[in-house]
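First structure 1, then structure 2: two forms of the same chain, each alone, as structure tokens.
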Structure 1
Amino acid sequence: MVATPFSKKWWHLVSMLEIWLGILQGLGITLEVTAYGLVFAIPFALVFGVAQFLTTGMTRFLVTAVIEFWRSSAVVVLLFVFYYVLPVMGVTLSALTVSALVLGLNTGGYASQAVRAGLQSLPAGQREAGMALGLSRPAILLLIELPQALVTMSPTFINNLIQLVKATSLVSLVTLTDMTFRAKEIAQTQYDPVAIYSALLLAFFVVCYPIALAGRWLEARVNPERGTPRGI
């Protein structure tokens, strides 16, 4: 058969679709790591954000130290350190668990700062009103302060979530078959880097952009006076 320019173009479209579908086979792992990551990120952000807000002196220093360890370390390095060091220490976790732990606590470290900032930005009158009503400190925190702080900070949490989804691309480096790993696998059998890596970027865009739009919508609702969402 003579390959006309038309059929070539047609064939190229088919192979691009194949590549795209091949990359989407990794979507499951990408979402799985994100979901398990949130299992670590959300409790960490809440507990440590609140702890940093409430404590003083030595306790606050220790809480801050833990947050800074997770937040200020480079997440790439952190993932490798935990992936290779834990087995030496006698702790054997699956690559999925280690990835979820490291990426989750890194994201949780960032989000904890939003929790703390949200709590600090509340007027003192909120707490004083709670005290005047005879509420206990935990009740004031749970019923008055946290609900307001979490709503105000929700656009920031959305940004943190996007960062987490994007960071999951790192798990391809510790043998998990996520979208990035699939792209590299396909690249070994097909020499078409333009199609493969464009498809990879597009795949992440399709996952993250709707979340970003949701964040923008939230931002407009909870902070009408502030324009665009803040990046991390």
Structure 2
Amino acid sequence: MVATPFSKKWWHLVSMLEIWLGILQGLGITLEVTAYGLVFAIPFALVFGVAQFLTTGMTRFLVTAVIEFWRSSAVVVLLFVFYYVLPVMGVTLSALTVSALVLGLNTGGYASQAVRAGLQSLPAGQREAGMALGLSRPAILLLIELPQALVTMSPTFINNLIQLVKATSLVSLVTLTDMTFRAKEIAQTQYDPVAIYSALLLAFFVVCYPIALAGRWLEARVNPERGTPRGI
């Protein structure tokens, strides 16, 4: 039976679908690392962002040093150090913990700057009004400043979340079977790099784009003054 151009295209589409479904077998690890990473990222961003906003002098220098360490260090190098070097010093962490810790704190370092900038963008009158009402400094921060700043930060937080999802493509370097690892496995048995890595690209798009849409919806709800974003 002679293969026609139509049948060739059909079987190519079937092959692409099989590759895509094979890559999605790593989706669970991708989502698990993302969720676990948020456990590190969110507290780090809030605590260090607020600390950088409130402190001065040597304390602020130390807070900034910690933020810059996680923000400025190469994620790949940190993954290797925490996974391969720490066991030499007697500290052994699982690949999942190392991945979530490194990616989460790296993302938290970036998000902390959004927290600081959001607080700094508020007019001083907000704080002065709270003081005039007899509120303590922590109460002013929790009841007046942070709620307003979080609205301003929400688009940046969504961007950071998408960056965290995309960064999970690195965890295959520490043996986790995520979507990128599955793509490499498939590439070892099928020499079709165009189809395999196009399918991997599509898989990450399918995961990240709904997050972007959810971010727009959330922004329109928490900050209606900016108007509802149009289009997709």
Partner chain sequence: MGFNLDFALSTIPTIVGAIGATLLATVLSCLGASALGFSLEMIRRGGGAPGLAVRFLIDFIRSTPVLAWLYFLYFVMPFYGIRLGAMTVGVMGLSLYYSGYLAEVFKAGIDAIPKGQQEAARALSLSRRDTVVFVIAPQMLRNVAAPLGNYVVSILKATPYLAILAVPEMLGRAFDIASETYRYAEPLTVAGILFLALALIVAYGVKRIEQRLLASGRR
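Just so we're clear, the structure is a prediction, and the values are computed from it rather than from any experiment. We call the rigid core whatever largest set of C-alpha positions still superposes within 1.5 Å between the two forms. Counting starts at 1 and follows the sequence of structure 1.
Matching each structure to its source, the form predicted together with its partner chain turns out to be structure 1.
Put the two forms on the same core and the Cα of L24 is off by less than 2 Å between structure 1 and structure 2. Structural comparison between structure 1 and structure 2 after rigid-core fitting shows the C-alpha of W217 displaced 4.8 Å.
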